[in-house]
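A lone chain, given as structure tokens: the form predicted alone.
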Amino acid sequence: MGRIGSEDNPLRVAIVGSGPSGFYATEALLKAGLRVRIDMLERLPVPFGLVRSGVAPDHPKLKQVIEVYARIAETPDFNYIGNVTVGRDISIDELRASHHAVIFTCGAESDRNLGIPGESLTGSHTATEFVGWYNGHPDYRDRTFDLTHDTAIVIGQGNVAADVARILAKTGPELAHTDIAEHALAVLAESRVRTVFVIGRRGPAQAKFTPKELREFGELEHCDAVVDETELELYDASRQELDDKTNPGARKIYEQFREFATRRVSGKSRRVIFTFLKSPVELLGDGKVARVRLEKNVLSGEPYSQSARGTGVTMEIDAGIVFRSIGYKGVAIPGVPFDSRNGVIPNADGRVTKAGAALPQVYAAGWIKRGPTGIIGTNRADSVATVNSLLNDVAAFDSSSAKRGADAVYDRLRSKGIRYVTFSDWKVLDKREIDRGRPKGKPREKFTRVQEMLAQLDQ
């Protein structure tokens, strides 16, 4: 038996999750100069994680990175094993027995709560639900959203909040030629929402939109972007943040808000109102959301460490639907350590830890490692860092017996009657989705149920 990473004893790594972090980890392993075999496990039949199910349908350029991931997936030393849930269909201990190492790259799949009265009322939703619903994610296929009211509220000042607000602000014809899910397009085309409030608990200098995402609101065909100029007054600490030359994005965002504030409202059929220094303290209504009570805030603290503090002054906005977009958190996996407070797998430099000590063979990368920060490309450096930790540990891996890798996984899945999906299977689904979209002038019409996907493959 040769050393791990040699021709007769390849380094076998299982990667759990098929989003950007998983593919960047795969890329780094393939470039490591060792003989490697990589098996990527994904709980859905379809790959690519949030690039497929999280990127807004009207931002197709952001999805072009899928072409890079697809080229990686065609590497002979790579196996895609979809429709498999780690912790249920196969355990972490089984993967540790069949592979030298396991990397969890399964992202942050749930939303943080507001923790206020009325949050469970009908009409109160997470951004994840809505984004997954309009993107055709099977988990959210059957969610319902009542868009028969005039006003919607989005809590949050990041790009996901911007996506939710923008999709609500667009008309059916503006969305019709995107890859938005058919069921969502039908509902959005009939939407009566005409005003969308985007509410931040801190000020305009702390908004986390990217300048490009924010600028887009000023270019919408049927929607005005509205900002009250008086809300753009700044605390000294906020001025210092904007004057910091290492913080150019915040300055661009603030200037864009100022530009919105100077515009004369043109009377378009819809409007998005950006408002600041307000925190929701209660959702009100008789069984369903009818209005939102907000508390006005002030900021205190040093630059980059300012916190919002309530003033006791409240106001209410009538609204029929509320979306919270205040951050994501990971979901625990049976048999894997989990930090429930921070919603991540505890780790040191990507090495998963239990009670402070490294858990042999187990690693994490991406949002499940560091929390939901950054954009798609941010995950490359993060995954490379985790892979470097793994490579530094190879000498300590057990090389006394061969690891069976994918063969052991396939045996286990067959014994349990689980229909797993290969990358060749995905290419069949991919082609059929594209073919379904072509007559509608869409880039694709997604399959939105797992059984529907599997039925296509078993025809």
Ligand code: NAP
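Numbering starts at 1 and runs along the sequence shown. Bear in mind that the values here come from a model prediction, so they are computed numbers and not experimental data.
What follows is about the form predicted together with this ligand, which we do not show.
In the predicted complex, at least one heavy atom of Trp367 sits within 4.5 Å of this ligand. Heavy atoms of Thr195 never reach within 4.5 Å of this ligand in the predicted complex, leaving it off the interface.
Contact check for Asp163: a heavy atom falls within 4.5 Å of this ligand in the predicted complex.
Within this chain, Gly374 lines the site of this ligand in the predicted complex, having a heavy atom no more than 4.5 Å away. Here the chain stands by itself, but in the predicted complex one stretch of 200-208, 178-186, 257-265, 70-78, 200-208, has heavy atoms within 4.5 Å of this ligand. Taken together, the three residues Leu114, Gly158 and Ile326 all come within 4.5 Å of this ligand in the predicted complex, as judged by their closest heavy atom. Taking Lys416, Lys427, Lys31, His59 one by one, only a single residue has any non-hydrogen atom within 4.5 Å of this ligand in the predicted complex, and it is His59.
This chain is drawn without this ligand; in the predicted complex, the residue among Asp146, Glu213, Glu241, Glu295 with a heavy atom within 4.5 Å of it is Glu213.
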